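Starting off, we have a lone chain in the form predicted alone, written out as structure tokens.
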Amino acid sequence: MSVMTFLKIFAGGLANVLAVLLLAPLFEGILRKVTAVIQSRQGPPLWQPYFDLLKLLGKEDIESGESPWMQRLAAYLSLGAVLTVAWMVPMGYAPPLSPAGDAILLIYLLGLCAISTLLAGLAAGSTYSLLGISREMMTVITLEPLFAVALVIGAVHTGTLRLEAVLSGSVYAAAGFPWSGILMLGIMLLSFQAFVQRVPFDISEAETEIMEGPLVEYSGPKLALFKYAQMAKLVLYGALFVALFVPWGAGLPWYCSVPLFWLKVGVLVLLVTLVAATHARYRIDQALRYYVILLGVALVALVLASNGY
């Protein structure tokens, strides 16, 4: 690899990470503000999430759980896994680290994001946190395979696991009419709210029932890392959704493709906000039935993709 190629990959990845770190709190602020407007409230200023994170980072780091070292590991892992995924996701241009990874690595990294939440709850050891991770574990088993199926369908259609091929609307690359891609588009639209853990699918945290579940024993800098990771997930899953299902415009010059990409992510955040502001939280049994139905339909889409549709 030449020096110029390395610098290009490094600059692209760094730009992705900085964009996620800078814009994730802004999207969270937009989500809170629009939710308040829908519910006839004034709501906090758009910059409030930035202030919240700075305040938490400045507080004393109290360790009240059963396993402090695991709490530290979970906090760093939560944000670290999310930012590593950011290096591999196209954000208006080709994925920077595409030569260094493939769709399988991306699936593993997305799984690490969920595992960090499980570790956080286990390390805290309180009743509420254990209840939260039991809900999180059931959700991971039934929900997380959906994105993996979408990536595998893209790989089946393109015949490769390389990220720049899979994350470029590959679900529609069937030889005939892309039935599997259309089916997965519907499934991912219906499950996107759950991937970013927003109402009505914020079941593992559920502030009014189990006081944020896995995070109940956290405060200060560690809570800031978990909150930052959650905000970043909204951006990252939005970027993955755009890359897989709405990639049009990615081939334009960068000064057109980058603004167009963030416009698509912004529209997706607004959809998440509208659903969150107008729905009540589901019970865990209701959510699991919902996930299982979606997983069943996703497997049908995988069979269709395997047969060229």
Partner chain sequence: MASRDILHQLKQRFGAALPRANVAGLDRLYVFVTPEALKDVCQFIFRDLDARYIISIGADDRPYSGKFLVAHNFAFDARHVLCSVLTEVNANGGRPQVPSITEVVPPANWAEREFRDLVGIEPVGHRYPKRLVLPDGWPEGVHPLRKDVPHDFCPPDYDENRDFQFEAPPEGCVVVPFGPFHPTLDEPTHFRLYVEGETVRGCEYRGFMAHRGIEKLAETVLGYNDIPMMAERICGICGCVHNVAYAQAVENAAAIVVPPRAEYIRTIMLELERLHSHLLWVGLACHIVGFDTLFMQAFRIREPVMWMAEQISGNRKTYSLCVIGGVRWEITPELRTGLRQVLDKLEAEWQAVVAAVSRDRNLQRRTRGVGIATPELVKNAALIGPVARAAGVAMDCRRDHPYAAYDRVEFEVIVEHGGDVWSRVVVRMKEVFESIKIIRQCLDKMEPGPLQAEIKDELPPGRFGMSSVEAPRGESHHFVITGENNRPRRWRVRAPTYQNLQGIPAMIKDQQLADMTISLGSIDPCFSCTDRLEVVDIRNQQTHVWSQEELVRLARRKT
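What you see is a predicted model, and the numbers here were worked out from it, not measured in a lab. Numbering follows the first chain given and starts at 1.
What follows is about the form predicted together with the partner chain, which we do not show.
Student: Have a look at 201-209, 225-233, 107-115, 150-158 and name the one stretch with heavy atoms inside 4.5 Å of the partner chain in the predicted bound form.
Tutor: The contacting stretch is 201-209.
Student: Report yes if any heavy atom of residue 282 sits within 4.5 Å of a heavy atom of the partner chain in the predicted bound form; otherwise report no.
Tutor: Judged by the heavy-atom cut-off of 4.5 Å, residue 282 is in contact with the partner chain in the predicted bound form.
Student: Is residue 38 part of the interface with the partner chain in the predicted bound form - any heavy atom within 4.5 Å?
Tutor: Result yes; residue 38 sits at the interface with the partner chain in the predicted bound form.
Student: Should residue 131 be counted as a contact of the partner chain in the predicted bound form, where contact means heavy atoms within 4.5 Å?
Tutor: Although the partner chain is absent here, residue 131 would touch it in the predicted bound form, with heavy atoms inside 4.5 Å.
Student: Considering only heavy atoms, tell me if residue 277 and the partner chain come within 4.5 Å of each other in the predicted bound form.
Tutor: Within the cut-off, so yes.
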